[in-house]
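Starting off, we have a lone chain in the form predicted on its own, written out as structure tokens.
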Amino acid sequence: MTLRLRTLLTATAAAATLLAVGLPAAQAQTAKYKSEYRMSLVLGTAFPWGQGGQLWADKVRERTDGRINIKLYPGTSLVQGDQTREFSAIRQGVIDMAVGSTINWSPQVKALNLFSLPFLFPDYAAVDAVVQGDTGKEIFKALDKAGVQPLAWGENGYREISNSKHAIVQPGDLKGLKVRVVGSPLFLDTFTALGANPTQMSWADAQPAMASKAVDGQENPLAVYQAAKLQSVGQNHITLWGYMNDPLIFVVNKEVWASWTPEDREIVRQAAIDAGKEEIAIARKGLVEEGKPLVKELQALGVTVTDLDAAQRKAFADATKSVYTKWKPQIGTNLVEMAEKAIAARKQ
């Protein structure tokens, strides 16, 4: 056997050995992937929120050539509809991924209460300045520390108030109204300060409660009001007061995140960013265009829509100033002031 042939055979054998070693490693990597990943959502695809989840799932499936398949579980059904348990369930691995509300996760991550401070965000430019800037990065750090992998921002929208009794124009108009709110102590403080009777309940329970007049009103983005047809359960008065904006956050369970290849992680992250941008546009549709077409659609259904001017809005802000002051140190004075500076410097 010539030296050249011996060298060739040795090299061939070495390559075969490398392939034999590498193949099981590749198979092991593939084996870590689940056949299906569970995504939790509060609202389904009739709403911008659910559409954001669907967009993310579709983009991931397409861009990973089916390696990562995601099934949507709306109605927070993986935690029996209890929105405030969702974040803990993501950390524990009961939920693989989610598009979640800053409100629902705020009991576990205090920084998220920033978005529920009454009358902090005067317009969409203010929201964008906060979530897309240094404040948003700090909040993502807090989420990472709390045990989930944050990827991108979405938006549920400005929460406007509706009720079955009368138009709300000034703080006194809320006195005695029984208003459904989500499970956030800050919300309870805000509505109590305005003289209302805040009643905590899940979204699944809220609509029957409105229909039976067990509660007088609720607060939600107009896109939610429209998709849920809340005028059909007696919510015939809406006030556009923009008292808080509810950004959504695209996250993944950390163990699931670690199980994917770096390439797939980047695909999932970029898909979340792209889906988030599209979802925000959907959530704002009809509200950022000239004349607010969505408002006109609701008025055509017989809904009375009251759009507060700056002075009227200030009256509500003044009435809830004590709540803002109380919660600022609980959220983190530095974080709140960072947001306030970003809002003051925003481009409108």
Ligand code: X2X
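These numbers come from a predicted model, not from an experiment. Heads up: residue numbers just count along the shown sequence, starting at 1.
Form predicted in complex with the ligand: not shown, discussed below.
Shown alone, this chain has one stretch from 117-125, 103-111, 252-260, 90-98 that lies within 4.5 Å of the ligand in the predicted complex by heavy atoms: 103-111. Among heavy atoms of residue 203, some come within 4.5 Å of the ligand in the predicted complex. Though the partner is left out of this view, residue 246 does reach within 4.5 Å of the ligand in the predicted complex, counting heavy atoms only.
Residue contact check for residue 236: none of its heavy atoms lie within 4.5 Å of the ligand in the predicted complex.
The ligand in the predicted complex comes within 4.5 Å of no heavy atom belonging to residue 149.
Proximity to the ligand in the predicted complex, defined as a heavy atom within 4.5 Å, holds among 222, 275, 131, 182 only for 182.
For the residues 135, 199, 83, 231, the 4.5 Å heavy atom test against the ligand in the predicted complex is passed only by 83.
Contacts with the ligand in the predicted complex, taken as any heavy atom within 4.5 Å, map within 35-55 to 42, 43, 49.
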